[in-house]
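Below you will find one chain, with nothing else, as structure tokens; this is the form predicted alone, and questions on how it binds or moves follow later.
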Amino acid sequence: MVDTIYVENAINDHTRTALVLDRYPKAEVVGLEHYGEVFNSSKQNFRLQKHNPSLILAAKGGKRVMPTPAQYETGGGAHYYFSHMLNCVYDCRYCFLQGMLRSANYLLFVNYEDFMQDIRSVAEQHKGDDKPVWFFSGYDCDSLAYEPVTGFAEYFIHQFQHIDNAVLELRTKSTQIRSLLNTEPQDNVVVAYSLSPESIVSAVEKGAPPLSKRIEALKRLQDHGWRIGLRFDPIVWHADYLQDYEEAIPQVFESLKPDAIDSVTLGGFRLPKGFYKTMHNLHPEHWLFNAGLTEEEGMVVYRQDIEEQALKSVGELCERYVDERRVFAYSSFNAKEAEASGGM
């Protein structure tokens, strides 16, 4: 439940603002000139706010569509990401947002039309490419978890119908799939689930659906005709991690149609050094921040031997079910730049 909603004055009359406010008739509504007055304030405690976050409605200015690092590959051409929302309803301990942001409040940008204008412009720049241009959502939030409030997927899926050289990937852990099941599947939309063994879900993915529920959602989406992707990212290492993945991966693939899985991606734990320090200070005793880590070019990652073995072992488990050409591993050591994990 949201008790307080902050609204930028410039979007008071936006249709999407009214739709969101209608969902929270008892919430206190506070006007402000710019979302940064609340969201970027230095006097905030991320952990305390996470227990009862407020909602901030704003318009996103500046650059709305960003290129992804070169190593992120899913079989498409050029890759970009965009964020209609900052922060997530879940509380995954490895999520980079708690290291990057001062605020745990939900920041929703309601100007979807401006995002789409930028997406169309980027897609137009890649008209002559051999492969479609790929747009990721769900980097700074979960694409579907807040769908009943935001209507994000419903709007953007419809808009992507009209861009013939683009693919939209919705990254999620959520079971909020009703709008997708009520929509005709599109060839240029992939619903990609972040997956972890149940022991990891229980230990470090607070509030997120259990693995069994995510598998059930994937099956329903696949049966309905949606393209689906599987994202074992981050692979969370611990002494018995391989046993966990040996149990989880058959659970996932044997519940689905492996030949119809769009792609599988694998990645290790990775955080910019500054984010890691902030997160370690929040949870100094947590094993996640004290197990097998090293610093590599400003990033905190698993030691190279640990990451290479994890990617190799989990990759081989996945390749029992899908062709190796559909399995993509993101190495922190083979690429020149690495990104924070948890959002994508």
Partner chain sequence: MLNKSHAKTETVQESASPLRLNLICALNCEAKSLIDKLRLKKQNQTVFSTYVGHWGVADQSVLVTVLITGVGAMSMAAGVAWLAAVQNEKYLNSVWLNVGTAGHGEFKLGAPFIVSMSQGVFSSRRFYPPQVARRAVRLSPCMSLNAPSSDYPETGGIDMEASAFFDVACRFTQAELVQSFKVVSDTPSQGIEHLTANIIAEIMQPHTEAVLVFSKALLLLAENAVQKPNNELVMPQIRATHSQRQQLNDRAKRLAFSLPAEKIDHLSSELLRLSQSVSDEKKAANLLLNYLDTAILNLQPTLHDSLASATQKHAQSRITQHGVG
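The shown structure was predicted, so the numbers you read here are calculated from the model rather than taken from an experiment. Numbering follows the first chain given and starts at 1.
Separately, the form predicted together with the partner chain exists; it is not shown, and the next lines address it.
A.B. asks: Look at the stretches 195 to 203, 107 to 115, 147 to 155, 172 to 180 and give the one with heavy atoms within 4.5 Å of the partner chain in the predicted bound form.
C.D. replies: Of the stretches listed, the one contacting the partner is 195 to 203.
A.B. asks: State yes or no: in the predicted bound form, is some non-hydrogen atom of H280 no more than 4.5 angstroms from a non-hydrogen atom of the partner chain?
C.D. replies: Answer yes; at least one heavy atom of H280 falls within 4.5 Å of the partner chain in the predicted bound form.
A.B. asks: Does the partner chain get within 4.5 angstroms of any non-hydrogen atom of H51 in the predicted bound form?
C.D. replies: Although the partner chain is absent here, H51 would touch it in the predicted bound form, with heavy atoms inside 4.5 Å.
A.B. asks: Residue-level contact is defined here as any heavy atom of the residue lying within 4.5 Å of the partner chain in the predicted bound form; does F275 satisfy this criterion?
C.D. replies: Because no heavy atom of F275 falls inside 4.5 Å of the partner chain in the predicted bound form, the answer is no.
A.B. asks: So, in the predicted bound form, is E216 in contact with the partner chain at a 4.5 angstroms heavy atom limit?
C.D. replies: No, E216 is distant from the partner.
A.B. asks: Could you spot which one of M299, V65, L317, L32 gets a heavy atom to within 4.5 Å of the partner chain in the predicted bound form?
C.D. replies: Spelling it out, the residue with a heavy atom inside the cut-off is L32.
A.B. asks: In the predicted bound form, does every one of P69, Q125 and E254 come within 4.5 Å of the partner chain, counting any heavy atom?
C.D. replies: So, no: the whole triplet misses the partner chain.
A.B. asks: Which residues, if any, of 276 to 314 lie within 4.5 Å of the partner chain in the predicted bound form when only heavy atoms count?
C.D. replies: The stretch touches the partner through Y276, H280, N281, L282, P284, E285, W287, F289, N290, A291, G292, R303.
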